[in-house]
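Taking the form predicted alone, here's one chain by itself in structure tokens.
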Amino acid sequence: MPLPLEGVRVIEMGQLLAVPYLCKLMADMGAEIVRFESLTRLDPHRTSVFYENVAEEDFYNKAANFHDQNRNKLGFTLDLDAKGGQRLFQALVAISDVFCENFTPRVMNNFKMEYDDLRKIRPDIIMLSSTGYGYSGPWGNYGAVGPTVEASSGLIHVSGYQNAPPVLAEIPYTDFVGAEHGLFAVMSALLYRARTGKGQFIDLSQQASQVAIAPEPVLDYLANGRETPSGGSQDHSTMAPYGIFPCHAEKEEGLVGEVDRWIAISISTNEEWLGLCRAMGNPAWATASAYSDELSRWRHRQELNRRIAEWTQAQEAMPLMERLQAEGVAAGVALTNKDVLFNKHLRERGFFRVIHHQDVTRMPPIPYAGLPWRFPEAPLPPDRVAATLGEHNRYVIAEMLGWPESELKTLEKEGAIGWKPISYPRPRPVGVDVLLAQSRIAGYDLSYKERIAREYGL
């Protein structure tokens, strides 16, 4: 049984996450992704999170973020401003099925790479434009990154703590939401083309994607005229107890710094409340009339949450979660990045895939996040590492397009392709001790290499 997207060729012109993650998902389902990038404006993911926190001369091939988002793709360099750049891009469009990009409409118009331009080259081309605010409207040409879209979608207004400023997530949440909506749209367009022979332009707004999956505050205003306060995460309109509760802090051997532990608990029924009481050892205070039913518990939720917190802060987080779940209580430990990597549930399901890097990167094999869904009857997706800068220049030009080898030298001379960044400053990562002192990290593990190698059999 082949992978679902085998035989589909996609051109990717993306940076950071919104389109690279979308195309990574397609690559994991068998699509051939041809990703091009500039030598003068590197993808920011090539300039951050370096293995061993060291940025060497060829730092752009050693960034873990880039390897994570661009596995299973062909990579070549292309300067659209150079003499031969447009000629090369148009030749690729002619032999491809989908073109995905996440630049502003202004950029695409300047390069004459809008949908009407592309379908003159290939009439049935599918083009996805993933922008912050869509291809039209007053904000159409506004620049956008994850935090700005989280703000403009209303997401950060309902994040954080009560009576406190909004809080941004550590990751650009809306990029991933837009990418997954984009995947659905591209798959739908491919199905439409298979039936009709016609291409499609997909105008994806990352702002609208986020609003679409979090409509509750909007609907509350529509139905009741109420404005949602900031920091709704510590309260719920019907459930109590409900929230994030402190657990016993942990100090691990080899870890510099101390990791706070937290657990999420939510109770929606009397049965769940009784299960929580059993886990707590049926304390006498839990029998008070103030906690006798759902409405009473909700009315006294602040006092109740304080009592729960007094109990949880003496508990070890993971054993507590398992005990609560055994009693039918919805509970989940707030896993750290390290916890997630070594989580036995994810490991048993084969979620993390070990990828072997090219020798030039001087990086050992590393486990990366895989597909969030499974096709039990299909083969596993490929495990090709992300391309080094310009790695597939020759393959794309000579093998895929069938151009003579002489074109490689011509395009390089014209500045359209290359293998090294042009006048790009080397990043200078901040040392982990400085990051710890500035509270920008919770700690760091001195034995992380040995732990990864042991857990993943490397």
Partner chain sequence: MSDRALSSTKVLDLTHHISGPYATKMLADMGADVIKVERPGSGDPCRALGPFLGDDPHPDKSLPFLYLNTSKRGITLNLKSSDGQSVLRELVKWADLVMVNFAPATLETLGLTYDSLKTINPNLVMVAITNFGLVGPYRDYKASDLVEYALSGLMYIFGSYDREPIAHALHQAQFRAGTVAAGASLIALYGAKIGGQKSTGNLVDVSIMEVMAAALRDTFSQYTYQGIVRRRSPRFGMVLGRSVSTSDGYLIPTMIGAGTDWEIFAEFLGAPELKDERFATQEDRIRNARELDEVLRRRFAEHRKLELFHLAHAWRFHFGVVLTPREVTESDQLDHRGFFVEVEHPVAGRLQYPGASAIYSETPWQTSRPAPALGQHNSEVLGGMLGYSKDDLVLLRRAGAI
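As the structure is a computational prediction, the values presented were derived from the model and not from experiment. Numbering follows the first chain given and starts at 1.
Below, we turn to the form predicted together with the partner chain, even though it does not appear here.
Residue contact with the partner chain in the model of the complex: residue 94 places no heavy atom within 4.5 Å of it. In the model of the complex, none of the heavy atoms of residue 73 sits within 4.5 Å of a heavy atom of the partner chain.
Taking non-hydrogen atoms only, residue 3 approaches the partner chain to within 4.5 angstroms in the model of the complex. Among heavy atoms of residue 133, some come within 4.5 Å of the partner chain in the model of the complex. Picking from 278 to 286, 295 to 303, 74 to 82, 324 to 332 the stretch near the partner chain in the model of the complex, with a 4.5 Å limit on heavy atoms, gives 324 to 332.
Taking the partner from elsewhere, every residue among 29, 176 and 351 has a non-hydrogen atom within 4.5 angstroms of the partner chain in the model of the complex. Of the listed positions (265, 118, 88, 247), a single one reaches within 4.5 angstroms of the partner chain by any non-hydrogen atom in the model of the complex, namely 265. Although the partner chain is not shown here, in the model of the complex the stretch 424 to 445 places heavy atoms of 428, 430, 432, 434, 435, 438, 439, 440, 441, 442, 443, 444, 445 within 4.5 Å of it, in sequence order.
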